[in-house]
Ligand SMILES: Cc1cc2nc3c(=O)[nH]c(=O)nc-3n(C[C@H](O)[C@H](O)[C@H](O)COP(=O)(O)OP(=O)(O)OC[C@H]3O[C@@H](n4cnc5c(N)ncnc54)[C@H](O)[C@@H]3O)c2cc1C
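First, one chain by itself in C-alpha cells, the form predicted on its own.
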C-alpha cells in the first residue's frame, strides 16, 4: 500500500486567506477540495505537497444558479451536484451527463468541478510508483530528460483526462481565476479553451498562487444542440479513453456553425471548428463526415494504457454516434 507523505494543513475561512497561503513560495502549498486527484498523486510521489490548503470552508466557491443568459457554477461544486441539479439538467444537460459518468458515486460526492478541470495530466510512464519510474530512468515530467511516448520529443505529451472540460468548451464556458497581488484579490476571466497549454508538465495556465474560482456557462439557444460521449473499458471508475463533445448550431435543417472538442489526446483538448461544413444538411451522411474529420485530424498517442490505433478508429465511431444522437428528435446522446 502506498503511504501518503507527511504534510501540513491550513484551513482558511475566506478567499483572501486561501490565496495568501497559496501565493507563499515557501509553503509548497496546493489547494485541496475533494482531493480525488491530489491525494493519489501525492502517494505516487508525482506531486510534492508541503501544505494542503483546504477549500471546503472558503465562501463563494460552491453552488450554482442561473443568472440571465448563463449559469454560474462555483468551482467547489461537486460533480454529484452537477449530475443531478435541475438547473443543469434544464439548461446544459450534456454537462450533467458528463459529470454523471465520472468514476464512482463516492468519488463524485467528493470531486469538484474545479478539480476536474484542473486535473493533472496522466501518462502510462508517469502514473506509476516512484520506484517504477526511477527504474525506467524517469521522463520529462518525472525529473528525466526524454519522453518515452514520443522518443526524441522535446515536450511532455501526457493526456488531460477531464470529463467536463470538452463539454464545457463546447458550450463556450468562461472561467474566473483569482490570485493574490499587492495584498489583495485580483480576478481575471478567460475562455476555458484558453486555460490549457500544450506542455504536459504545466498544462493549466495558472500563475503560482492562482485559483480557479467559478465557471460561467452560456445557456444555448433553441437551435443549438450540445452532446457528449465517453468511452472507457469499464463504465465506472475508469478514466476516459475517448472523450468527445459536439456543438451543432442549426437553421432550417442545415448546419450554420459549431465545434467538435476531443479530449484525452494530449495536455489540452483539441477543438475543431465546423464552419467549413456550414450548409450541410443534417443526416447520416453528415454524421459520417464528422467521424472522418475526427479520424483525419486527431491522432491519439500511446500515452495512456490502450492501443492508440484502436482509439483512433473508435474516436471516429464515437463522433458519428454522437452526431446521430444529437440529430434525433428529441436529442439522444447516451454512451450506451
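Here the structure is a predicted model, which is why all the values come from computation and not from measurement. Numbering follows the first chain given and starts at 1.
Keep in mind that the form predicted in complex with the named molecule is not shown, yet the notes after this line are about it.
Peer 1: For residue 50, is any heavy atom within 4.5 Å of the named molecule in the predicted complex, or not?
Peer 2: Because no heavy atom of residue 50 falls inside 4.5 Å of the named molecule in the predicted complex, the answer is no.
Peer 1: Give a yes or no for residue 35: in the predicted complex, does one of its heavy atoms lie within 4.5 Å of a heavy atom belonging to the named molecule?
Peer 2: Flag for residue 35 set to yes.
Peer 1: In the predicted complex, is there a heavy atom of the named molecule that lies within 4.5 Å of any heavy atom of residue 248, even though the partner is absent here?
Peer 2: Although the named molecule is absent here, residue 248 would stay clear of it in the predicted complex, with no heavy atoms inside 4.5 Å.
Peer 1: So, residue 170 and the named molecule: in the predicted complex, are they within 4.5 Å at any heavy atom pair?
Peer 2: No, residue 170 sits far enough from the named molecule in the predicted complex that none of its heavy atoms falls within 4.5 Å.
Peer 1: Want to guess which of 204-212, 253-261, 85-93, 179-187 is within 4.5 Å of the named molecule in the predicted complex, heavy atoms only?
Peer 2: Only one stretch passes the 4.5 Å heavy-atom test: 204-212.
Peer 1: Of 226, 73, 242, 102, which residue is found within 4.5 angstroms of the named molecule in the predicted complex when only non-hydrogen atoms are counted?
Peer 2: Residue within 4.5 Å of the partner: 102.
Peer 1: Which residue, 66, 299, 30, 270, is the contact with the named molecule in the predicted complex, using a 4.5 Å heavy atom cutoff?
Peer 2: Contact residue from the list: 30.
Peer 1: Is any part of 101-126 within 4.5 angstroms of the named molecule in the predicted complex by a non-hydrogen atom, and which residues would that be?
Peer 2: Sequence-ordered list: 101, 102, 103, 107, 110, 111, 112, 114, 115, 116, 118, 119.
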